[in-house]
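In the block that follows, a single chain appears as structure tokens, in the form predicted on its own.
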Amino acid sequence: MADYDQPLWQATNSERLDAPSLIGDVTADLAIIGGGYTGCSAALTAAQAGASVCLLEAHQIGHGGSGRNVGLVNAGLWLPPDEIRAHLGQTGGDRLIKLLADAPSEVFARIEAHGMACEPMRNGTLHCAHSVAGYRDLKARHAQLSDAGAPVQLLGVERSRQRTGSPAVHGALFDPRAGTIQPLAYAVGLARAAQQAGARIFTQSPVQSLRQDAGGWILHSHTGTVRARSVIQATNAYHQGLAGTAPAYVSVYYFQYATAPLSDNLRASILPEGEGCWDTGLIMTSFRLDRAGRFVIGGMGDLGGAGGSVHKAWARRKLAELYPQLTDQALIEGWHGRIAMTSDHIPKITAIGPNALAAHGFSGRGIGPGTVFGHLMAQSLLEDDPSLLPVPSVPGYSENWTGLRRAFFETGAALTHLVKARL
């Protein structure tokens, strides 16, 4: 049986980190639970500020969604600016829009400053129209983003097909602020940089309990204890245990398949300028090349579930639709990961206690927002200034029918892919 929890990125990761398990008792100014983008970004910020930092990861750095990511370093959220303002108000919406517009610059600045070997390519991204209706949606997004000061460009059918090399796109929105990375290597690079700045990074150290103490917080793993003044919980869609602090979200699977490295001739005909792409379909498709020339295609769905064969058949069909010259290319690597989605697609920060914050719900946009949220959560706790947070914290957050909605999304993805695979 295939193991879809082993992403391609593990084999192509050039970043290295020596991180032991927690053994014994440790004290820290800030304890962080979770070694993805949010947690590692927070650890780097706090360590650079001179705080003592302890990060606990239940598995290896980037084990969760960060290490299974598509690798698109996008600006902003899935939502267009007007919808963000509708949820957060004019002032709060404008602030989050500005922070996340600058998120790719924050990511690439950290990569450069710390020499992260994560295949950074800042050649922009293309949001591709999958249909004429999808192009109308892009026109509306272009207008809103332009009004917000984003340097985005709306490309017509001919220009977008030149840029992608695909006959299946009906226009595109180009964002020059964005780019692509090797997503697992970026997470490990953040952890390595944090460690070099003085943070203590522990892997294979799941937190089994978290409780408040007179002097702050006590975190227990199976082999050690951490006492800390402040806590950041950055577990997102891979939260395990810790009753009472579980984030409320709808967890959906997103899968990817990759070809072997393409020949130079094939590679030259596909995304010649190196952008990463996703489309306007209700069940979204992502596609890109990695540095070695593998074509990576993704969509919503659980490869290990009943619809796994349907999803793979769709991926083969979609590959041929996007690039007929790749019809005979085998999909040799497949993996999936979980995404934490909130109903309004706005990430949440919850105050799980005094000097303790948790973040979740990036809805598939983990790289830029995770980096920014982790950075600002650490700053807020260290400076005791809630106004620094990217969104106001709430005392609790809950959503109803998360299990049913999770099943609805998977069923919808499988049915959509079943139809598309047979056309």
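A residue's number is simply how far along the shown sequence it sits, counting from 1. Source: prediction; values computed, not measured.
Keep in mind the form predicted in complex with a small molecule is missing from the figure; the text below concerns it.
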| item | value |
| --- | --- |
| Single option in 234, 231, 103, 118 placed near the small molecule in the predicted bound form, where near means a heavy atom within 4.5 Å | 234 |
| Answer option from 338, 98, 317, 114, heavy atom within 4.5 Å of the small molecule in the predicted bound form | 338 |
| The small molecule contact in the predicted bound form: residue 254, any heavy atom under 4.5 Å | yes |
| Heavy atom of residue 71 within 4.5 Å of the small molecule in the predicted bound form | yes |
| Residue contact check: residue 205 to the small molecule in the predicted bound form, 4.5 Å heavy atom | yes |
| 4.5 Å heavy atom contact, residue 63 to the small molecule in the predicted bound form | yes |
| Stretch in contact in the predicted bound form with the small molecule, which is absent here, among 330-338, 128-136, 302-310, 268-276 (heavy atoms within 4.5 Å) | 330-338 |
